[in-house]
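Coming up is one lone chain in structure tokens, specifically the form predicted alone.
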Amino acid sequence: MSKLMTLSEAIQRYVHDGDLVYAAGFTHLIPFAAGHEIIRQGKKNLILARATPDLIYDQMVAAGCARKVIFSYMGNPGVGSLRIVRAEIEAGNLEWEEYSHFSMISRLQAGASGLPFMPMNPTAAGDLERVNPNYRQVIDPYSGNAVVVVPPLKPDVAIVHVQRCDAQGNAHIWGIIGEQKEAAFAAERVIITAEEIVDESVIRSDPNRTLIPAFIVDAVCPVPYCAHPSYTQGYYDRDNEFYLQWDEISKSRQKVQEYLEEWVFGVPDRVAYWEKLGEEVHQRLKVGERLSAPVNYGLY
């Protein structure tokens, strides 16, 4: 059964005020378009969870969508701090929980597996263990040694951007693989945004690339260029210039609001956003072909 719908419909139907939202993707495939649609629809009191929050959570916090952030490493990658999130935390306006990357993914793995907690070997994150009460220790019944455990993370909704997907929700991802699979399996509801919607036969031709299966997906949204200013491997490059620009924009709340008015509220959807970026940006972010070797799955 087709799960195709617009991104606007998916956000309206599956993201509710007060939800715990996980926008997945590591370095690339960050669903910026979904974050912008959440801002447009005025969603409030969200708990925003994500490894490496990136600029999208800075923008969502600036728009007043969030009451709490859960993260592992927070920053404008390669540039500096997320100024808005940091300022709101320091002002006491935003609740927060911080984890190491490993413990954040361990929480998702526990949520995806239906486990009450996930054990980890002691890590170098001693300061986090001291200030975050969600880090606990239990005794390993086999060795008698203490092990660190973290609770499951079970988002109300996970938003995952992919290169291609069929109408049922079977999704291909390649390039850097982050926590997309774990976030999707841990979540109550899953929204897929895709650069391309392809026939089921394309997905079936390369089953090992299917990280997200249809049976856990609620909505499939065709959203080309969804990940800008991050990138989608094989489709467009990372807009490094924008990450530098945001560092300057985010120094001023007035400039942040002007950005949101022009680039979020001022455009109806991602098509208009991409057109507004202009041809110079389009050409700068173009990527060439670098094809993988063919794989023979054999005849049967």
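Quick caveat, the model's predicted, so the values are computed rather than measured. Residue numbers here begin at 1 and follow the sequence given.
One more form of this protein, predicted together with another copy of the chain, exists but is not displayed; see below.
In the predicted complex, another copy of the chain lies within 4.5 Å of some heavy atom of Tyr236. Among residues of the shown chain, Glu95 is not one whose heavy atoms approach another copy of the chain to within 4.5 Å in the predicted complex. For the chain shown alone, Ser292 is a contact residue for another copy of the chain in the predicted complex, at least one non-hydrogen atom being within 4.5 angstroms. Within 4.5 Å of any heavy atom of another copy of the chain in the predicted complex lies no heavy atom of Asp218.
The contact with another copy of the chain in the predicted complex, taken as any heavy atom within 4.5 Å, belongs to Met118 out of Val223, Ile84, Met118, Val157. Taking another copy of the chain as it sits in the predicted complex, the stretch 161-179 comes within 4.5 angstroms of it through a non-hydrogen atom at Arg164, Trp174, Gly175, Ile177.
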